[in-house]
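Next up: just one chain, as structure tokens, the form predicted alone.
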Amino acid sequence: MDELIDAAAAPYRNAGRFPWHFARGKLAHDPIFAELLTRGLIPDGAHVLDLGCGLGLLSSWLTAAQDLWRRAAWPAAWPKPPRLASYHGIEWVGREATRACEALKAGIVTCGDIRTSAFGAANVVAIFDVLHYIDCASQDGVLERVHEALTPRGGLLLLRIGDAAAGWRFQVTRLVDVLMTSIRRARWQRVHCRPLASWLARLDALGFDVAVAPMSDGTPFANVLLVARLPAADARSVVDGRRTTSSNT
């Protein structure tokens, strides 16, 4: 695990000391990165769209994992890491997008607003701890556009949220998130949070089949990963927020 963290963080030296230290800390202490690999959640040959991607850590993490696999330095108990066919990150903060491109490669992350930026086609969309920074109507709009972006042959949305119904753990999650974001962006950040049941209802209305995975291991937070799959040749459509079945099924 330490070798993987070192390898994934190494490119960020090119962007400066802070990005490198941040990458190392995030990759080492945020459980989602290891969970993506140990659970084999991302398929081989994935075209990944990473919304609110920050420094593009997901790309560097998966690339480093593939390198370790090729060098036979991969943990025997872990499934083979996925090979990325493509990766595109969209990040609101221009400084973060610039650092990502300095560390990885030009154009891998673009600066833009996920509410309006073109998504293009993808078969895996990742949104980690991002949607609560926009209002609820905009959250719904992004999810609808994600549905459209995923390929007709089926796709996967990996959505991590804070469960607003999780009591004191959620309050800790929200406080730490707001403080850290305010420090990094030099302004107070308002958040718009929902209980888990609300997220599940919205994804169900869009036609996703959702599995829920706790994603706070080793932390005091109330984070949950929603593994939302859009069935192949998605026969279900959404009309006025209600899921219906197409007549050709």
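Computed from a prediction, not measured in an experiment: that's the story for all the values here. All residue numbers refer to positions in the sequence shown, first residue = 1.
The same protein has a further form, the form predicted together with a small molecule, not shown here; the description that follows concerns it.
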Taking 43, 69 and 74 as a possible spot, do all three reach the small molecule in the predicted complex with a heavy atom inside 4.5 Å? no
Test of understanding: in the predicted complex, would residue 113 fall inside 4.5 Å of the small molecule by heavy atoms? yes
Please run the contact check for residue 133 against the small molecule in the predicted complex: heavy atoms, 4.5 angstroms, yes or no? yes
Is there any non-hydrogen atom of residue 52 lying within 4.5 Å of the small molecule in the predicted complex? yes
Does any heavy atom of residue 93 come within 4.5 Å of a heavy atom of the small molecule in the predicted complex? yes
Pick from 65, 48, 57, 206: which has a non-hydrogen atom within 4.5 Å of the small molecule in the predicted complex? 57
Looking at 100 to 108, 75 to 83, 144 to 152, 113 to 121, which lies within 4.5 angstroms of the small molecule in the predicted complex, counting heavy atoms? 113 to 121
